[in-house]
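This document opens with one chain alone, in structure tokens, the form predicted on its own.
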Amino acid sequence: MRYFDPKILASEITPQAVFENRRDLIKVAAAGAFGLALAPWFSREALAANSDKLAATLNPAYAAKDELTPAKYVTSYNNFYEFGTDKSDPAAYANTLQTRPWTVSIEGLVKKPVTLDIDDLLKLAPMEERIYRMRCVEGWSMVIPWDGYSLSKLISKVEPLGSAKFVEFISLADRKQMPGVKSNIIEWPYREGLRMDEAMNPLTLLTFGLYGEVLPKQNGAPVRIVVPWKYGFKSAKSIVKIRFTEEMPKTSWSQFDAREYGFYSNVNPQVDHPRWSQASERRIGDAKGAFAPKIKTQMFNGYGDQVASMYSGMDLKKFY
């Protein structure tokens, strides 16, 4: 169990001065060639500055003690290939994403299939803030305060059938809104999946915000999944469909290269990616920047107490 570090104050989670400085810079750059030259940078900053508040109560049972990653990195250094392959592309181009109206259909092997408006989803359960470590397969990591509620609360409402063994998540893929979808990097739409017990684990978060504000578009607005003991690509963004299946669903990156991206994708320092080691990581943040010293990667990203029992008896080098 992880407990909230009392040294982290609510006022520190979203530094007001950061956003005020951004607004001032945007105003200064609005006129002249200087503004035009830096337009992509300022569009990224404006996205971070113009978020709406999202009421969420900190859940101390899910608050890692690690130092928080500053919001400016969380909202500007992302993998979201629907908007481009560079880490800065999502923040630069996600302004085209329309998050209202938005519906999510829940279908497949459930007693109560339903299509829910995003506002109905927001009201389904009390909103919590959880501070989670997130680990990318590329070797970098962040510590992010996410806002949402356990996915299990939604699953319980739709009453899966006994034959439902997996949950599939399907993301939006709209060429008009998402320039990256025009590429053939993967087969669109983006698809991810979890085993039923993984989806029902209390750690798995149906997520609507971060840092006490609604999700920025570049972070998977308006609704995504966060699965903190797995590599980041398992946490599907901008979800439009949740499907319950008996067979293991095909997932985007495992279809792209199953040798590099297995279905489970649990953070496991003992299983290297074919092109690099997973034994260590670099934490992104202000103090140390891109050259932060490497730290040892923890099994299950440090959440073994909550999730290891689900994989008892499995060969985690084979089922990676």
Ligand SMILES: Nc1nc2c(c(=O)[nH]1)N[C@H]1C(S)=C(S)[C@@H](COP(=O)(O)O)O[C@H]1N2
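Numbers for residues come from their place in the sequence shown, where the first is 1. Computed from a predicted model, the values in this text were never measured in an experiment.
Another form, the form predicted together with the ligand, is not on view; read the next lines as being about it.
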query: Partner-contacting position among Val104, Cys136, Val158, Val214 - heavy atom within 4.5 Å of the ligand in the predicted bound form; finding: Cys136
query: Of Asn95, Ser88, Ser235, Ser152, the one that lies within 4.5 Å of the ligand in the predicted bound form (heavy atoms); finding: Ser235
query: Proximity to the ligand in the predicted bound form (heavy atom, within 4.5 Å), stretch among 241 to 249, 225 to 233, 196 to 204, 104 to 112; finding: 225 to 233
query: Partner proximity in the predicted bound form: Trp146 to the ligand, non-hydrogen atom cutoff 4.5 Å; finding: yes
query: Contact label in the predicted bound form: Asn79 to the ligand, heavy atom within 4.5 Å; finding: yes
query: Interface membership of Phe208, the ligand in the predicted bound form, 4.5 Å heavy atom rule; finding: no
query: Exercise: Trp140 in contact with the ligand in the predicted bound form, heavy atom 4.5 Å; finding: yes
query: Stretch 162 to 188: residues contacting the ligand in the predicted bound form, 4.5 Å heavy atom cut-off; finding: Ser171
